[in-house]
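You are given structure tokens for the same protein chain in two forms, set apart as structure 1 and structure 2.
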Structure 1
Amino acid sequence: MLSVLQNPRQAAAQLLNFGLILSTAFMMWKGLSVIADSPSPIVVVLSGSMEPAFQRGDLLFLWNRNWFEETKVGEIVVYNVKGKDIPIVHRVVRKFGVGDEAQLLTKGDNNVADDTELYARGQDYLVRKDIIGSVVAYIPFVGYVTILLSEHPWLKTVMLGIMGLVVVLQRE
């Protein structure tokens, strides 16, 4: 503590190193968001409703720009339902109309019925702006860590403990 007071520049530099690690991670995420035009360009599959295409824990990369063609039937999209904060990954199975006003119906490959049950009360279809991106690439299974962490909160405590230990035991 005394050394911090004696050398404020060095303390500021150390704090900055830590801050730059965090801010660079955040800005890379935001950069990806801006490029893909999606508020959440990487998502983890939480349910088995798209099996056998996607399993729980698959990491999906999204693209939310219609540069060459409109979102069409057969595309796998991620959408948000008003009032629910969990994005859903399903396939577009019907489309009526063109442009931003086109009415889209989605369904999980592994589900018996289409998604009308999942939509908000009174909502029978999606429009383009409900969608936060189409799946363009995926990495199997690597997102499972986040599922484990959210389903078993004690793991977070364990992880924080390990990280704390590492920080304490290892300087620089």
Structure 2
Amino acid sequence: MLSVLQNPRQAAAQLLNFGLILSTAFMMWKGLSVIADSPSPIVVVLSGSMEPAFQRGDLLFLWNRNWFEETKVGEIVVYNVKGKDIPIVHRVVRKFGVGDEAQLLTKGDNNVADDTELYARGQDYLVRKDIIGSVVAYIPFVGYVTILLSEHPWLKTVMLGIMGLVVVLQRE
């Protein structure tokens, strides 16, 4: 640690390396968002409402398919509810109409009732602009780290501190 303090050029290079890693990750995320045409191209399943199709902690990859075809009944979509920050992963069970004005009704595979209780006040159906994307692939349980970090906020601080120390203390 003392050698880092004695050589400010090396410390600055290591901090720049750390910033480069963070900016590269951000650029990859934004690039993936543009390619998938989705503000959030990767999401984590936070609840058991879609079991057995998806388990809590599964990492889902989204694609905003409606460039080529419309959302179909049976398709698993991720949508945002007005006034809530957490996206919801559920299956389309009914569709009324066609095009951008089509009304969609969703339901979790493991839920008894449809999602009308989850929608915003006064909203009975979803429309296309509510949907973030359709699920095209997933990796089981990889997103469980995200769940742990959201349930235990102090872990974020510990992990960032460890990552920062590793970058600063590494030898080149």
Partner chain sequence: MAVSTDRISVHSMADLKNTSDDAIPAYLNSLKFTQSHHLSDTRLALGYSAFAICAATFYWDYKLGFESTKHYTAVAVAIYAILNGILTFWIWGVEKGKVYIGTNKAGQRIEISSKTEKFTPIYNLSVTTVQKGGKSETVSIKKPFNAWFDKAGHFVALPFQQMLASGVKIVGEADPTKVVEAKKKEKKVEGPDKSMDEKWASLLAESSGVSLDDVVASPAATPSGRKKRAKKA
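Numbers follow structure 1, counted from its first residue as 1. Under this definition, the rigid core comprises the largest set of C-alpha atoms superposing within 1.5 Å between the forms. Bear in mind that the values here come from a model prediction, so they are computed numbers and not experimental data.
Novice: Structure 1 or 2, which would you say is the form predicted in complex with the partner chain?
Specialist: Looking at both copies of the chain, structure 1 is the one that matches the description.
Novice: Would the C-alpha of A25 be classed as shifted by 2 Å or more between structures 1 and 2 after rigid-core alignment?
Specialist: No; that C-alpha moves by less than 2 Å between structures 1 and 2.
Novice: Superpose on the rigid core and then read off how far the CA of K156 has moved between structures 1 and 2, in Å.
Specialist: K156 is displaced by 2.7 Å at its C-alpha.
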